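The chain below stands alone, shown as structure tokens; this is the form predicted on its own.
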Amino acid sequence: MKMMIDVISEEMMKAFEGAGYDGSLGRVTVSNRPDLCEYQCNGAMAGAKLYKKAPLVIAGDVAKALEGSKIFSQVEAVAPGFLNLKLSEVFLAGFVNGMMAEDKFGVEDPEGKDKKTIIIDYGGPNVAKPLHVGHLRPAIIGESIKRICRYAGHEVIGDVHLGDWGLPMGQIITELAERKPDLVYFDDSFDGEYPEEPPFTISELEEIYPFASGKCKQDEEYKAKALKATAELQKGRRGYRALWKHILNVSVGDLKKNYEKLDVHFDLWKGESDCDPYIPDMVEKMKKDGYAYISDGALVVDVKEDTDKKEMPPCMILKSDGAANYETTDLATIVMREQDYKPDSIVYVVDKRQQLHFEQVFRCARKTGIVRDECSLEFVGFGTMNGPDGKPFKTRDGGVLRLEYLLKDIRDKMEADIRENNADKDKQLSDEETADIAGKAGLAALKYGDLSNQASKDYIFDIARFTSFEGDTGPYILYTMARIKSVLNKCRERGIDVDGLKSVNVPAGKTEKELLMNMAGFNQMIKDASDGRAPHKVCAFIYDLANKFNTFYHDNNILNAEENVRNGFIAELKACLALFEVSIGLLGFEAPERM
């Protein structure tokens, strides 16, 4: 199904041609003066030089050609040559009815070369560490981009890309050797089967890693041991590989449980280690082709370009001890993905402070030919979630807050608010229902609070604002949906065949027309959000939809309207609810039946 803006533009292009002008001048945009019109066309301004006519004359000719149009109720040529447009209410109602009759509301799956295979690299947790607030943004932004692009019709693969192969692994192994030197994993003469049970629990592992990491910063000898252990692990030392598998199994099981609480799901649980077999051939090719050379003992590739206005360091392929680093594994992962999936795009959802690293990796991948020219490498850098002081979010004692504690704090706040809001109502919520609503509303508050911001922007995490039932928040969206469900349930209680009502009204008033106009923009929003990797566009759409609906709701007595009008109202409520349900699903949360 064509998007509204395309239908309108085609009508305008025909009018320009009918008036004797170039049809390409008829491109239409949403009006930046909604008090004057709904859409506008500035093509007459561009055509003035081409046709040596005053733009107002051209606009007048086009307006005349549009007389009798079934799409516009009003076309006005205004100085110095703008065309102000208002939609026909009959056309608008027909468009929305057509949307609601289509799969995915008329969003068409791309075909041929337009259908892309997209790999989204997001999450990026290090094994052996609990998820904390720093893991929130990549998880929910990446998950939402994945869902949006998939809804838009593309083949999308989400990869967690675990940090499981670098210095943290060497640090854990070194600390285990210090604490439990008698473990069989450290006996080089052992040639039997290693134990199936890990020599640590997830709690012990989560204590060992930060301890070892902190010790590395203070003890150079200890750090040297950890670097050596890392190199030996990567070279295949048998006991270290067995320990590493234990670390991975224990950590991944715990990570999956915590991502499940966020309703974040990965198609691939690949790690840096998975690309290890690709490194030797990749490095050899870079050497053979003359791109890689030794500098200060390390193997590097120059990636600077003549147009660079600031220094661009070489991309380090191997460290001086021969060990791989993040550049190595990111490049080898591209090799692996190219071989396994032949993607059209690889999208990296990572902290924007890693921009230099990925610029080096992208340039190196292009220069050395390990990625096809037709595969785009995209950096979606996200900003920082800050506390009220404007600094990265911390606990009261200055530590990094675990994600599970943050989720609990928000859920508890929502539960308290829900109990307070329902205290005076006749039909009280059960404890079980309250807990369910609080869980869903808490996740909505957290995700919407983040995703409503443009990904690259830093933002202040304000639990009181995010959990509010008013304003641009997740709970406000859910409350609006609960209001719609309540009205529909009352209709059913009156014996109205709600499910059989599918045709919206030809809008009779301003607020009803504005509501339908908003709904009609769904397809365009999906395209913009998908192409721009921009979940905040979905948030903006549903916030506007909620505002338009609530204004319409207060202006109309839906249940007591004349039957035909009431039935059209009910169809509009159903359409609104359906668009809300899909949209919040793209953001990664769901709505309860009541609030």
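Since we're looking at a predicted model, the values are computed, not measured. Residue numbers here begin at 1 and follow the sequence given.
Beyond the structure shown, there is the form predicted together with a small molecule, which is absent from this document and is the topic of what follows.
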Among E514, D274, E175, D330, which has any heavy atom within 4.5 Å of the small molecule in the model of the complex? D330
If you check P130, G239, G124, G166 against the small molecule in the model of the complex, which one has a heavy atom within 4.5 Å? G124
In the model of the complex, segment of 385-393, 111-119, 351-359, 497-505 with a heavy atom within 4.5 Å of the small molecule: 351-359
Contact of Y405 with the small molecule in the model of the complex (heavy atom, 4.5 Å): no
Please determine whether H161 contacts the small molecule in the model of the complex, using a 4.5 Å cut-off between heavy atoms. yes
Touches the small molecule in the model of the complex: Y293 (any heavy atom, 4.5 Å): no
Looking in the model of the complex, any heavy atom of Y326 within 4.5 Å of the small molecule? yes
